[in-house]
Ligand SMILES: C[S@@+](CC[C@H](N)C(=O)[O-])C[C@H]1O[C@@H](n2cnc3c(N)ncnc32)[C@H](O)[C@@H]1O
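In structure tokens, the next block holds one chain alone, the form predicted on its own.
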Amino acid sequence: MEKRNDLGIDNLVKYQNYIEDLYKESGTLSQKSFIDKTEWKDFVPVIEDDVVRFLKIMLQVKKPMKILEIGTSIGFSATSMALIAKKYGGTITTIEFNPLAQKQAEKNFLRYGVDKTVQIMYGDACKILPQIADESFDLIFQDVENRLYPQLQQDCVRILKTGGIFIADDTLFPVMDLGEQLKDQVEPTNQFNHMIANSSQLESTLLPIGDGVVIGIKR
């Protein structure tokens, strides 16, 4: 039987709904439950549940001891990773520019008992990363404004250990209907995707989960 390759938007939505329905009773921390318990609501969007499941699997396979997250928001992705990392002694450093988001993330880390596993650095990642000289990470997860992605790419690869994993969210923006508000994110994302795809330092691919996830391993 010939395999059909024409997914179509309608079928894609059906696939996504089917997958989410499969995992709704899994008992794992979900985006909705996390947001419902978060007091401050004026935050940038956090990752989808399918991306969380992907991150958790990667942590259980790789067991990275030192994780860097760029873009904390209210702490959903960091909390989800920390619940896994704390079991094997891993730690997470997460960078956030918005002080209100940082404060809320700290509350959420306490709520879920991962405040000893996660450390927040307040500031601009474009200024913080170049200053990291004597430290390297086993896994880096990037989820900030996409216009910053090309600027951060070189330093992310530099501070990633050989064999380390680099993951970036929202990488399908160039082919999504984002509207005028996020129009300025399209070209930087496209530039970043080409940088990663053509990098001599990373073996990578782009996965169509969430709003697109790039994953690479440092050669």
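Model, not experiment: these values are computed from the prediction. Start at 1 and count along the sequence shown; that's the residue number.
Just so it is clear, the following notes concern the form predicted together with the named molecule, a form of the same protein that is not shown.
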Sole residue of 114, 125, 139, 120 within 4.5 Å of the named molecule in the predicted complex, by heavy atom: 125
Contact segment among 37 to 45, 58 to 66, 190 to 198, 156 to 164, judged by heavy atoms lying within 4.5 Å of the named molecule in the predicted complex: 37 to 45
The named molecule contact in the predicted complex: residue 108, any heavy atom under 4.5 Å: no
Contact flag, residue 132 vs the named molecule in the predicted complex, heavy atom cut 4.5 Å: no
Touches the named molecule in the predicted complex: residue 98 (any heavy atom, 4.5 Å): yes
is_contact(residue 104, the named molecule) in the predicted complex, heavy atom dist at most 4.5 Å: no
Stretch 134 to 156: residues contacting the named molecule in the predicted complex, 4.5 Å heavy atom cut-off: 141, 143, 144, 145, 148
